[in-house]
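Taking the form predicted alone, here's one chain by itself in structure tokens.
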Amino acid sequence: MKQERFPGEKSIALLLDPDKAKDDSLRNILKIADDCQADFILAGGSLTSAGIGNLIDRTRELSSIPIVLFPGNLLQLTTKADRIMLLSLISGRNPELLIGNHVIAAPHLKDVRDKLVPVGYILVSCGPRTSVEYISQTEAIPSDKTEIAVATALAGEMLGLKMIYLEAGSGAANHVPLEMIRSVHDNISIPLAVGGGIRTAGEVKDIFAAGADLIILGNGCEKNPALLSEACRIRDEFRKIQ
């Protein structure tokens, strides 16, 4: 797969957790994803212990949407996905998540470099402490510290990362503040992804308008599968004016 801007336009991704994506629910949500032409399926999560390869295989049987690995730990490392997010948790100071795990993974990924997307992963505190904060043993950037988020995103771009991902965390009480999304977007030239705490179509519209290139939906679609269809409809409206 050739290297290109990822994503190339306003896009919607569905995040699947291997521990939660059982066959009936997986079949149902992937049918919705296919019907509304979601752009990507992300596979992974911070707590998962189930086999990521099995999820990718089953997803390929049920859908033709490109699959992106979103690894929460080294146990989720696989080359089966169409693309691989090489996540560096630049909002924290845990050396294993900044570079340590990447050193271990590098020999396994050296032959699939065309699949890799180096991502600056920025956790934003948007309510009670989330699972990803606990598992990563890092402190998220406070939601009112926009200047820190901007400086962190800029540093990631200057280090050569190809995407910034502002993440409120799975099941977060709120999504990343619009002001922070807008400010980060205005200061970087690489794609901006936003995820966590997104529950309504109105929030999807606001987040796209604030500058997100890619919106990642997870828990919100588990509780309300229709959200995925609504999000893709809003995406299409934004694409008409891009």
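We number the residues from 1 along the sequence you see. Values in this document were obtained by computation on a predicted structure and should not be read as measured data.
Not pictured, yet referred to below: the form predicted in complex with a small molecule.
Trainee: Exactly one of L30, I190, I216, I56 has a non-hydrogen atom within 4.5 Å of the small molecule in the model of the complex; which residue is it?
Mentor: The option sitting close enough to the partner is I216.
Trainee: In the model of the complex, which of the listed residues (G72, P118, G171, G92) lies with a heavy atom within 4.5 Å of the small molecule?
Mentor: Here the answer is residue option G171.
Trainee: Specify the contacting stretch among 204-212, 176-184, 191-199, 57-65, defined as having any heavy atom within 4.5 Å of the small molecule in the model of the complex.
Mentor: Within 4.5 Å of the partner lies stretch 191-199.
Trainee: Please check if G220 has a heavy atom lying within 4.5 Å of any heavy atom of the small molecule in the model of the complex.
Mentor: G220: contacts the small molecule in the model of the complex.
Trainee: Does the 4.5 Å heavy atom contact test between L15 and the small molecule in the model of the complex come out positive?
Mentor: It does: once the small molecule is placed as it appears in the model of the complex, L15 has a heavy atom within 4.5 Å of it.
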